[in-house]
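One chain comes next, on its own, written out as structure tokens in the form predicted on its own.
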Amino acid sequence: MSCANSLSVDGGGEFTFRSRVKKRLDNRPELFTLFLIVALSVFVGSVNRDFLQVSTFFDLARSSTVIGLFALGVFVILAAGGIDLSFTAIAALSMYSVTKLVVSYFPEAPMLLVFLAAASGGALLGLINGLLVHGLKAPSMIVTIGTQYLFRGFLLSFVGTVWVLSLPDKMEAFGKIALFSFVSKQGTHAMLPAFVLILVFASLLTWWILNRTLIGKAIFAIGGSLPIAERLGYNVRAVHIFIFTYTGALAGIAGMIHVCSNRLANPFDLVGSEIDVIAAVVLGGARITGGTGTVPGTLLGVVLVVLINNVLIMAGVPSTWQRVIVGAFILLAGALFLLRRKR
């Protein structure tokens, strides 16, 4: 009898453990993204030991900053059931306009003022998106495709098309500030740039907005069901204005970091990176239909996409396969999320 009871308890315990694991995976889809990151890192590290160097992780953090700021903004809009395809155009217009303004008239401007100007310019362009989306009652994807062309056309027609190769000293110095810096045994210089702290701060702020404020509850409510959210009294206009303005501000900041990091301003930069950003948000567990997702999941999605785009070549995988692998991961994640919802 005692043996039978022991088996029953053991079997029940195993069943309970599996149920808890399954429930954890169902409620936290970003764990699947974390699994892909670990598996990919193990694969690359086993093929090329250079991947395990600290300098590689510093480079990954550097590459993740701009795309991470973009992804946080896209996630906020996606959580509300919308989508934004104009954020790279907002970043390009803000960063290039502010850079030309500073170079021409305020070369000694402090970096805080430079970033405030870029964020304000991005927020203004995002506000235009929000007003158009709410005023026209049109799908945000259609509206932001239109404003993407509008913003880029305005930039190239009225602001400029020439690269700015000589930045003010303060902008160049900002891109070189290091949190950590050392020289490896091979003689290479590794640096973790200080501007990664901006991504950390933006992530904490976004998490706080979405999880600790009324506007955050409204964002997820509208993304879950717009008619129900309206009946509950949520101010849809205020939400639309906030999410697009916030995303525009993040895009402006990301664009300025891009300029300082590369030490030049190119009005043609950032074109085509929209797909990587949206892929990162989706891989992080956010549904394209809205109402779900987390900030940690979004950041994990960014890490995964950056790994694929920057590290797979160390394992001998041709760069032409990067898009194939990202697409395969998105399809796999989509299939698993669909099975999760059906269960």
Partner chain sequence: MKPKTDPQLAFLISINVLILLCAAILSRGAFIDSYNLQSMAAQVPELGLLAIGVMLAMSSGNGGIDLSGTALANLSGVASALLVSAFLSADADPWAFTVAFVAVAMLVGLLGGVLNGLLIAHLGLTPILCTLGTQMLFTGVAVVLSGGVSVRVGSAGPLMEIANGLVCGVPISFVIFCVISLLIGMTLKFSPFGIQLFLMGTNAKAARYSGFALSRILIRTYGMCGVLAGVVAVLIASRNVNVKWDYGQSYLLIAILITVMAGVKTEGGYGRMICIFLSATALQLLSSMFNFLDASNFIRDFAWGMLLLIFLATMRYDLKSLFIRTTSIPTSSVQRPPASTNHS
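If you're wondering where the values come from, they're calculated on a predicted model, not measured in any experiment. Numbering follows the first chain given and starts at 1.
Another form, the form predicted together with its partner chain, is not on view; read the next lines as being about it.
Let me test this: is every residue among V196, S261 and V295 within 4.5 Å of its partner chain in the model of the complex, going by heavy atom positions? Looking in the model of the complex, the three residues V196, S261 and V295 all stay beyond 4.5 Å of its partner chain (heavy atoms).
May I ask you to choose, among I145, I209, M191, L116, the residue with a heavy atom within 4.5 Å of its partner chain in the model of the complex? By the 4.5 Å criterion, the partner-contacting residue is I145.
Which one, L179, M111, L127, L156, lies within 4.5 Å of its partner chain in the model of the complex by heavy atoms? Of the candidates L179, M111, L127, L156, L156 is the one lying within 4.5 Å of its partner chain in the model of the complex.
I'd like to know whether M171 contacts its partner chain in the model of the complex, with contact meaning heavy atoms within 4.5 angstroms. The answer is no: M171 has no heavy atom within 4.5 Å of its partner chain.
Taking heavy atoms only, is V200 within 4.5 angstroms of its partner chain in the model of the complex? Close contact is absent here: in the model of the complex, V200 is far from its partner chain, nothing within 4.5 Å, heavy atoms only.
Please run the contact check for T161 against its partner chain in the model of the complex: heavy atoms, 4.5 angstroms, yes or no? Yes, contact at 4.5 Å.
Is there a non-hydrogen atom of L167 within 4.5 angstroms of a non-hydrogen atom of its partner chain in the model of the complex? Outside the cut-off, so no.
Listed range touching its partner chain, judged in the model of the complex by heavy atoms within 4.5 Å, from 53 to 61, 275 to 283, 28 to 36, 296 to 304: Contact criterion met by 275 to 283 only.
In sequence order, which positions of 316 to 334 have a non-hydrogen atom within 4.5 Å of its partner chain in the model of the complex? Read in sequence order, the residues that approach its partner chain (within 4.5 Å, in the model of the complex) are T320, W321, R323, V324, V326, G327, A328, I330, L331, G334.
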